[in-house]
Structures are given as C-alpha cells and as structure tokens.
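Below you'll find only one chain, the form predicted alone, shown as structure tokens.
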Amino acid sequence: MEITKSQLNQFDQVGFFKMDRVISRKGFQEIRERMEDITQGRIQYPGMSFQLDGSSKAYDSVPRGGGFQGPSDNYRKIQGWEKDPVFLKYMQHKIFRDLTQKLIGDKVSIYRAMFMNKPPQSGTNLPYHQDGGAGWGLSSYLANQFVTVWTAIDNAYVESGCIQVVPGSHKLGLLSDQGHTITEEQVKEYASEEKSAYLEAQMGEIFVLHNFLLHKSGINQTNKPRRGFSVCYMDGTITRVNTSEDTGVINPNYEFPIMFGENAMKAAV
C-alpha cells in the first residue's frame, strides 16, 4: 500500500485526491465507537479541547472551545485525538507515513488532530477559508510543509454539508497573511460557484487536502450526523512561536507530537 505518482500529480494540479478506506471494517468500527465514547464522556483525556456548535448556523455564533462540557452529540470540534491509542494507531498508519514522506519529508509531526461534526438538521455554515498563516503561531508555514488528511466517519453528501473546494486554488498561495477566512471580494474573484467542486465521500473514505486549498462546508440538512476526522501533518522541525488562535496553546516551547520514526509518539499506557 503506497501513494501513487498519479495521486501526487493530482494533488499538485488540483490540491486534493481521494483514497479508499485504509483499515478493515472492524478497525473502522472501532474508530466510530471510540469517537462516541469520547463525545459522550465514557473515555476522557486531560488536555482535549471541546467546542459546541453555535446557537445559530452562522460561523460567528460558534463559542470558544474549552474542556469537556458534558455528554453531547452537538460538539462541533474536538481536538487532541492523538492522546487516544485507537486514533493514534490510525494516524500512524503506514499509508500516511508514505504520504508524508513523499510530500513533507522524514521528520513529521502533527499540528492538530480534530473531530468535525455537523449534527442532524444543524451544523455551522463554514465560509471559504485556507488552513495556515500567521494565526497558527508557527515558526514557518510554507506550502510544502503541511498536508491534511480528512476521513469520513459518516457518509458525506452535498445535503449533509460535505466539503466544497475550489480545485487549483492552492496555487494562489495564502490570500491573507493571517490565513483562514477570505474576504467577500476574494470569494467573488477566486471562488465562484461554477469553479467549485463537492467532495462527497462514503464512510471510511479519505480526502488528502493541500492546506492552501480554498474550502468551505454548509449545514447538514439530513437526519443523520456528518462527522469527519481531520489530521494536519507538518514538517517536524516547525515550532511554536506564539499563541495559536486555533488551538489556544499558550506555551511557546510546546513540542508538536512526532508521528513516525524512532521518536514517534506512543500511546499512553
């Protein structure tokens, strides 16, 4: 099992490619069950960050994250999944080792590992944005130092708020020094509806995404959840230089978890 030249060429040209499920059905079911154990508080780890969905479907209504806020199916974002042995094993799968070696290099860490959720008939309308920039509080954020792997925990369709992207937009570079959301003028110039594509996926399927690829997602109009697991792998030499707007980490000497090789993170006993 390895990443092909065709996949790498597609990544270079349009900024993403799709992969089939890389673990057994039994293994993927274990991931789904563990995700529910954590959202419901049956398993807890110190330091995980939990963000509930907003009171409306607008992005600016989303509250800041914090610690565990009780059992809920309405968490929008949860970070810190590398603390869990089931998820860590998945993140260190040999196919992701091959991917990151080919796109980043030998020393690879993660910026974040997060759960993203759109509850039934709900969810946040996330506007077009890019992943990266000075707002992440890192020593570097060059294009070839990051790659995001997004796994569908549930089926993801247009109706349930799947990811929508602008193919090739990663070649624009970061449209803001700070990164993240872009302006209405930039949406009109670079992200018109006819330029976009919907990334629908079956449960267990994976999208590999360039961090600078413009992407957004709508609300979930179905009666089933639309959950995804997103891991941002990055060059392991990158360090924290100031507080991250995304993770809220204050310690500038924070060391990001190394994913592969002799210094790779190991699951807590």
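Not measured: the values here are computed from a predicted model. Numbering starts at 1 and runs along the sequence shown.
Missing here is the form predicted together with a small molecule; even so, the following discussion is about that form.
Just one listed stretch, out of 25 to 33, 65 to 73, 39 to 47, 209 to 217, contacts the small molecule in the predicted bound form at the 4.5 Å heavy atom level, and that stretch is 209 to 217. The contact residue chosen from Leu126, Leu88, Val166, Ala152 relative to the small molecule in the predicted bound form is Leu126, the criterion being a non-hydrogen atom within 4.5 angstroms.
In the predicted bound form, the small molecule sits within 4.5 Å of a heavy atom of Ser230. Contact annotation: Val108 falls outside 4.5 Å of the small molecule in the predicted bound form, judged by heavy atom distances. At the 4.5 Å threshold, heavy atoms of Arg112 reach the small molecule in the predicted bound form.
Contact check for Gln145: every heavy atom lies farther than 4.5 Å from the small molecule in the predicted bound form.
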